[in-house]
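Given next, in structure tokens, is a single chain: the form predicted on its own.
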Amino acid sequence: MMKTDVLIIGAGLIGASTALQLAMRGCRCIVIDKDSPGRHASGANAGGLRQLNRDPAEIPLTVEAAKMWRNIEALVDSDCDIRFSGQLRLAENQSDMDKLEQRAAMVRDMGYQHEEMIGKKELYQLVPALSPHCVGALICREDGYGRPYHALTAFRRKAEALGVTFHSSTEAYTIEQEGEGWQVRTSQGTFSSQILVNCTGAWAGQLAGLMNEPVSLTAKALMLMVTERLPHFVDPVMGAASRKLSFKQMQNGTLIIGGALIAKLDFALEQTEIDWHQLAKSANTVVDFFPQLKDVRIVRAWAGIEGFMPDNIPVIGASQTMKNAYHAFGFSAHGFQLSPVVGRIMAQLILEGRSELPIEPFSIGRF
């Protein structure tokens, strides 16, 4: 039997970040995963570092996470290949502008200044290659993107350097409370710990159910596609007010194109099937904004399995039915940015019983 202070189930970015923050505070941790670290959401996402257009409940967390990403090398000994090129939500007409202005006003009323409106002149100074029909945009100048593989590897390696052990291909079969601790029987033996943390992403609802607090988590597979390499033509991450659009030009010149496009998913078999019709519509949307891209080749497409909550914000906090158990899951396709701060919050909850940031909206009790 392997013993530890904290057993984290799920070795994606949230699990690795939690382990790292606990290890920095002298806590012994083991992280187990039924696959390999980042096999699903953490390794298949678009790497967005986004404060723009967050749910109001997430704004305090995403603003603090942005500060952490700015200084990420001090935390994980790697820059995670990040770029802070800004992010835009494009307005194609006055109705779009009105909607974006309402959003910017709401953020200001909360006391934050990171989302601001820009007019047509500044928009085309920032993105001269853009189709001329746009009238303005909502911008977060501090946003950007990173490389998910670089980030996940950096968090895991730094955690390992501080004594954390990761076990891949280790599927949890049963969990049992023993006194105030836990025993978890897995495909690679039994683990014993004082604390149990559920970071299992799309599978987190099953684990929560074993803790007698079922939640309505839905597994979905989000699609992305990547183009051939192109000469540099755009810096900010591009989105739109009224259309599904999300794309960025990466460091090597390729374009990563998304936009919350859902693949067909056989969850039991963990198999996804790309919906090429949807991807074609997404590609056409990109061409509407950048007509010069109409002959660019798509070289690859993929889909990663993510866990979605009904309200599209995560569960972060202590179990309400079991002692010494915690949850961090359901990031609904936008957990990359939040991962450093969620790890810090989880370490604070586990070791101090409190969080420095407001997490009441993320309680599992809301379901």
Ligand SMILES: Cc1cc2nc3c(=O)[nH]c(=O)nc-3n(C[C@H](O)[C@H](O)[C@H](O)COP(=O)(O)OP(=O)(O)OC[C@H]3O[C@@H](n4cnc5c(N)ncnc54)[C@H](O)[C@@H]3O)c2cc1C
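When you see a residue number, it is the position in the sequence shown, counting from 1. Please read all numbers here as calculations on a predicted model, not as lab measurements.
Another form exists, predicted in complex with the named molecule; not displayed. Remarks below refer to it.
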Using the partner position in the predicted complex, report whether Lys34 sits within 4.5 Å of the named molecule, counting heavy atoms only.
yes
Test of understanding: in the predicted complex, would Ala41 fall inside 4.5 Å of the named molecule by heavy atoms?
yes
Applying a 4.5 Å heavy atom distance criterion, does Gly48 contact the named molecule in the predicted complex?
yes
Evaluate Ile305 for contact with the named molecule in the predicted complex, applying a 4.5 angstroms cut-off between non-hydrogen atoms, and reply yes or no.
yes
The named molecule: the contacting residue among Ala151, Ala137, Cys199, Ala159 in the predicted complex [heavy atom, 4.5 Å]
Cys199
By the heavy atom within 4.5 Å rule, which residue out of Ile195, Met238, Cys80, Ala172 makes contact with the named molecule in the predicted complex?
Ala172
Would you point out which of 222-230, 118-126, 292-300, 101-109 contains residues with a non-hydrogen atom within 4.5 Å of the named molecule in the predicted complex?
222-230
In the predicted complex, does each residue in the set Asn324, Tyr326 and His327 place a non-hydrogen atom within 4.5 angstroms of the named molecule?
no
Stretch 9-31: residues contacting the named molecule in the predicted complex, 4.5 Å heavy atom cut-off:
Ile9, Gly10, Ala11, Gly12, Leu13, Ile14, Gly15
